[in-house]
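So this first bit is one chain, no partners, the form predicted on its own, shown in structure tokens.
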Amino acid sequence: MRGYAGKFLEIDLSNRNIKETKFPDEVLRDYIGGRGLATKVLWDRLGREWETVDPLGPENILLVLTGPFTGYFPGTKVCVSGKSPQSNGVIGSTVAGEFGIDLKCAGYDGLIITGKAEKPCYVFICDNQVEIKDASPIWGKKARETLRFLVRKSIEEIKDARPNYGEVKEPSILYIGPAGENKTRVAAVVAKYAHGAGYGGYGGVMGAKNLKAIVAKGFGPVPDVYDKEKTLSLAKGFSELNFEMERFRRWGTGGGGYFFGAETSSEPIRNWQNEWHNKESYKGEEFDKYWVKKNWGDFGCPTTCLKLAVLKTGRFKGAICDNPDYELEAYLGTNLGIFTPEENIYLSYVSNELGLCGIQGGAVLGLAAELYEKEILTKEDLDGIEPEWANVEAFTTLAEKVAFRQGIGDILAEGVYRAALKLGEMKGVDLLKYAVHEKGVAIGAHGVRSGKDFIAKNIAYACSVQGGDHTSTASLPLDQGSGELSTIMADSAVFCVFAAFGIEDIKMFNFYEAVTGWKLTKKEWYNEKALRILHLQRAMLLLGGPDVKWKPKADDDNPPRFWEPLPSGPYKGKTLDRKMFEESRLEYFRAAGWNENGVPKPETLRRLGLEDVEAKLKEVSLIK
């Protein structure tokens, strides 16, 4: 086996049992790693009782997985998964940082974490030394304090474990803030200071397990590859291609804060009431004024699209964070009526400190603000807070309440869909029309009404097995390079899609073969392996439960707001066409091998070797 360490760590927090486990080669060949392997593990272990599994209960499984591209492809990510507290299905949620490389150099391809610790803990991994340690001193602490404690303590522990090594570079750390500890559904699993795996709500899953952090340090090399010369040659070519993306390197995704709003009318503004703005104050040049580091990246990344922003003066002096990427510029900026970089950077800093997902947290703040604007929620309902658009102080206070589940924050911590349901019950009115989500997952900051965004497909979110995840959207034909089956490869081999811009499928499959020695054709991936993973995700999404279930076809729809005409801008009046949407949806169902209601057909499941999925869907009467 090449490209893999060959073994995984299985950690049962309930009885503090730690053991190594392996998967047969054929499982790794079929499911690759990351999102694909997580889907397989979750189905095998929880599939029979999936609809009864509480995502925030000890029975859920948290997976942190690398893939065969980890350590070889430019840049690095790791995939976090489990039963999602947002969708009740499975989401492969990736986060950048060196954690995947450290884990692989320690000798492990991933972690399978079960049970619930009796008291707050963190997992410490230094090569084959794996321990569950006491996290009581940092339980309740925000990001900076948590990291400061873990880095200092872990370096001393690593020195004890490797006394003759010399100076030790800080380990890689995945952790949660108060939002995760309090089991909110809008909490991220965070890496470094401000990278987050936000889609899925897995920060809440870590909190439910009393797991504050995972520390990893590996001193070994990455595993051997099958064809070293070819691997190096292809990686060099990828790096050169990345380095040529000067515009992306200069501005990162944050260059989109003006572009998507002003030029494509596809940016969320005031809870998606609009998608157009022409605020010159929100251009990259204005954010640049706050950057103290203009180009930095994760290990091996030649693009270095990250920027570090610091507020050195003014009322928010002292705030520091990754410069808001486009998603945070939108959800913690325009979506809240904020159009100044300084206030957007500050609110991103607050969100990072609390461990909130910028998208899911920003979405629920926007929902509350619109309900306040429409006088559905009152100042009294909101514990005295008045979240008027652009009121940064009010949104900061509200975010704190969400992270700590205090007062109204306890409802908002459920995310936009569940919060709209609960607030609607409280007020006796239907509020779902204000909740911009897809199957419980707040939609990424790319609208589809103007048809000008790179996510321009009317079925993009409605048919995705990851709901509102803008990085994994449905499109036709299925083997389109930007479609969901292509993203499954990125999330399973585990690489950053930003580092894969402009690289053809054939080169990715060649790279996979050079690393693993296993040949993979485009036809085999799109017609069999990726489709199998897609079907497993679809089945678990439809099984859902225990608190929410999605109706096939009925819930495979765009949120009500996306059917409203755009109120302003160059595409004023434009919206989705219902007839065209339904035709596209049916075409997608057919292409995927689902029936006219969007349920996997028995013959498709059998062709993919998923007879047990067929049996389960028959058991719950989803198919006959």
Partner chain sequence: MSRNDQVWIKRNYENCSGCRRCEIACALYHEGKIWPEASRIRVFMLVPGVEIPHLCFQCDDYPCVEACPTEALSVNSQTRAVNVDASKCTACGLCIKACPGNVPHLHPEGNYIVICDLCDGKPKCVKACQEGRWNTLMPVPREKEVSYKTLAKTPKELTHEVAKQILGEETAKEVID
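Note that the coordinates shown come from a computational prediction; the quantities given were computed from them, not determined experimentally. Residue numbers count along the first chain shown, from 1.
Another form, the form predicted in complex with its partner chain, is not on view; read the next lines as being about it.
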497, 310, 130, 376 - the one with a heavy atom within 4.5 Å of its partner chain in the predicted complex: 310
With the partner omitted here, the residue among 123, 126, 105, 423 that in the predicted complex has a heavy atom within 4.5 Å of its partner chain is 105
Would residue 166 show up as a contact with its partner chain in the predicted complex if we use heavy atoms at 4.5 Å? yes
Just to confirm, residue 481 within 4.5 Å of its partner chain in the predicted complex by heavy atoms? no
Considering non-hydrogen atoms and a 4.5 Å limit, does its partner chain approach residue 192 in the predicted complex? yes
Taking any heavy atom pair closer than or equal to 4.5 Å as contact, tell me whether residue 296 reaches its partner chain in the predicted complex. yes
Name the stretch: of 424-432, 302-310, 330-338, 386-394, exactly one has residues whose heavy atoms fall within 4.5 Å of its partner chain in the predicted complex. 302-310
When its partner chain is considered in the predicted complex, the residues of 66-103 having a heavy atom within 4.5 Å of it are 71, 72, 74, 98, 101
